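The chain below stands alone and is given as structure tokens, in the form predicted on its own.
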């Protein structure tokens, strides 16, 4: 592997200027846990690596509307943050199941997003929480829902001159609960065969006001099971309803067969795990 030029940017503006000048030749490196493997396997061959660790993009900021997570925040940093654990427990749970401690110490939220893997563990909970992302270029910034970022395996809408700088998680109501479930070939250090996050909010009458069912590793991109969500919205939770929503989520999934799992197994487990996740929320209560 021919190693590219390595530039440590002392500010975000410097990094953005390099991206503007070098475009697709330049890649941002943070933890490098995905990027280096792709370079080794010759999937990517950047001529420039931009290190933004000195650009102060690893903070957590609380505004009146959202919790902002810097793109360079490590997975371990998420686990250690009390605000995230309290307000967005499904994301914290996903981070605890992510790889092992050495990788969690290096891997970043933005890296897990920009890698655009259909099986990315941290993406379903962030989509379930209706996360937005901030993409910056030397010309300005744009904000878009994380769910709209992905277009295919390893592919996204990020432009060659853009850098993902922040993830914004809208503050949720007290009557909200969410959960994350991951299925792999072993208990740890494994790529998901199926992963998912669910979130339910209830109104004062105990009916579902917001439903999110986000599936990973069962489609070309992380996906919301929108038809299953619609079945839940406006209804009171019951065993029959949870089962019907889980079956609908299975119908929406579009998995493939590969060396990790067959299509049939992924479809079956989508239904099982969605029902399990929804039942967990119903048992605990969304509030």
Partner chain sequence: MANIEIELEVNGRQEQVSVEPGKTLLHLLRENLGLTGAKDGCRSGDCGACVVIVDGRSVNSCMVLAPQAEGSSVMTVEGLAQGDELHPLQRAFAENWAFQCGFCTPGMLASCYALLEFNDNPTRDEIRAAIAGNFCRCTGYQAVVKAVEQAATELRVLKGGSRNA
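All values derive from a computational prediction rather than experimental measurement. Residue numbers count along the first chain shown, from 1.
Quick note: we don't show the form predicted in complex with its partner chain, though the next part is all about it.
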Next on the checklist: Given that its partner chain is not shown alongside this chain, does residue 185 nevertheless sit within 4.5 Å of it in the predicted bound form, heavy atom to heavy atom?
Outcome noted: no
Next on the checklist: Please determine whether residue 54 contacts its partner chain in the predicted bound form, using a 4.5 Å cut-off between heavy atoms.
Outcome noted: yes
Item to check | 4.5 Å heavy atom contact, residue 42 to its partner chain in the predicted bound form | outcome: no
Item to check | Contact of residue 142 with its partner chain in the predicted bound form (heavy atom, 4.5 Å) | outcome: no
Checklist entry - Exactly one stretch in 61-69, 27-35, 243-251, 228-236 has heavy atoms within 4.5 Å of its partner chain in the predicted bound form; which is it? => result 27-35
Item to check | Selected contact from 80, 203, 159, 130, since only one has a non-hydrogen atom within 4.5 angstroms of its partner chain in the predicted bound form | outcome: 80
Checklist outcome for this item: Answer key, its partner chain contact in the predicted bound form at 4.5 Å (heavy atoms) among 103, 134, 151, 87: the residue is 103
